[in-house]
Each structure stands twice: as C-alpha cells, then as structure tokens.
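So this first bit is one chain, no partners, the form predicted alone, shown in structure tokens.
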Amino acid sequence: MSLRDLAYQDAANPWFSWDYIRTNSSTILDALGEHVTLTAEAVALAMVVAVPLGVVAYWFRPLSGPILALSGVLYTIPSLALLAFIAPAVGPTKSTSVLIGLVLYALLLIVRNTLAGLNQVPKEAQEAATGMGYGRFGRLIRVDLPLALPGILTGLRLATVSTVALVTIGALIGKGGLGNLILGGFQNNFFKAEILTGTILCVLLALVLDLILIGAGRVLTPWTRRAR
C-alpha cells in the first residue's frame, strides 16, 4: 500500500468528525444516558450493601477480615470472566447482568473506606456520645457515620470512577453504554470517530461525576476544610 493510499484512508476515517456526531447524536445521547443510569444504579446499590457491611466489620472486629477478604476476592475476578458467569444465569442481553457485576466490583472500595472512616472517628467524640446516653445505634447515626463521612465519600468517589470505566465491558452483551460506541467502532472497520467519541465521553463523564462528588463532600464535611 502506497503512502498516498494511507493518507487517503486517514482522511476518509478521521479520529474526530462533527459530521459523525451530528448524524448520530441520538445514538450517542442514548449511549450516554444508559452509561449514566448503569453507573448511578450500581453505585447506589453498592452503597446500600457496602456501608452496612463496613459498619458490621467495625462493630464485630473478627468479621472485618472475612468481609474484606470476600469483597477483595470479588474485586480480583476478571471482568470478562465475571460477566461470562453472570450473563447466562440472569440473561445474556439484560442490563441486570452488567449491574450485578458492577455492584460486586464496587463493594470493596466502599467497604474498605467506610471501615477506615469509622476507625478514624475520635474516641473522645464516641465517649462524649456515650456519656450523653446514646446507645450503639444512636451513636452510629449521630456521631460515627457523620464523622466517618470523608472516608465514605472517598470510597464513593473511587467506586464511581471505577464503575464508569467498567460499564464499558457490558458492550459485549449490548449493554455497555458508551462502550457500545467504542466496541462498535472497532467492529465497524476501525471507525475512529466512533471510538474516540465514546472514549472521550467516558473520560469526561468520570471527571464530571468525580468533581460533583468532590463538591458534595466539601458541602457535607465543612469541618475538614477548617481543619486544614
């Protein structure tokens, strides 16, 4: 193949194309919407499961090792292998298959940081709460969890960014949000504009969600700013 042919191919298949974006805007927005929905659902479900697990690990120290170990084992399973295991049982074309995998991967990040946050609660604050008549559950709600919020939010940020990346794996069963664009570009004769559009939007989504959570953390934990 001559240099002229290569140059023609590059010109005919650019990495960025406004024409592609304009022509496929509805498809791109649908993929983005699916990506955001899967990310939000997975992180929310993971929080519902992981924060109580972190509390259990904090209250009952002998269980902290097994809880962290189990969530760690789940996190180390290769994503493709996990999807191949879940999809036939749940449904090879259902978003639930992807959602289950995403929740399992997010558990370790949230459980570990929840436990770390609870371990950093000052003993003086706990003793003061006990002296005021708070029981274990009352102290958890009024003192422990609020003071552990910086650690919990750190886990939430890590889980969110990680989930945004992992959603793309769902493209293998057609439920990967922006990953559908990336995989579709590779399958469509290495269509560069489609690949790059999906990739850039995926990175931007992760950055935007992380910035939102950073802002939420600053609002919810003003004492951390004063401490600095």
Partner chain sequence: MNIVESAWVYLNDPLNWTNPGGILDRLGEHLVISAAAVAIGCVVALPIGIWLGHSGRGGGLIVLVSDLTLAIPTVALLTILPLTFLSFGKPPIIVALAVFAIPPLLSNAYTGVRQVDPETRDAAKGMGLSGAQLLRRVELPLAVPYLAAGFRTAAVQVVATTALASYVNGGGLGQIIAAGFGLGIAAAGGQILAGGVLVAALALAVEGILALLERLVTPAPLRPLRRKTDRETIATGAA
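Residue numbers count along the first chain shown, from 1. Note that the structure is a prediction, hence the values are computed from the model and not measured.
Keep in mind the form predicted together with the partner chain is missing from the figure; the text below concerns it.
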(message) I'd like to check something about M132: if you look in the predicted complex, is any of its heavy atoms closer than or equal to 4.5 Å to a heavy atom of the partner chain?
(response) no
(message) When the contact criterion is heavy atoms within 4.5 Å, does I28 count as touching the partner chain in the predicted complex?
(response) no
(message) T39 versus the partner chain, in the predicted complex: is there a non-hydrogen atom within 4.5 Å?
(response) no
(message) Test of understanding: in the predicted complex, would V103 fall inside 4.5 Å of the partner chain by heavy atoms?
(response) no
(message) Would all three of P52, W59 and V219 be in contact with the partner chain in the predicted complex, where contact means some heavy atom lies within 4.5 Å?
(response) no
(message) Counting any non-hydrogen atom inside 4.5 Å, which residue from V161, L32, I67, M47 sits next to the partner chain in the predicted complex?
(response) V161
(request) Let me know the one among P146, P88, G138, P122 whose heavy atoms come within 4.5 Å of the partner chain in the predicted complex, would you? (result) P88
(message) Using a 4.5 Å heavy atom cutoff, which residues in 41-78 contact the partner chain in the predicted complex? It's fine if the answer is none.
(response) V73, Y75, T76, I77, P78
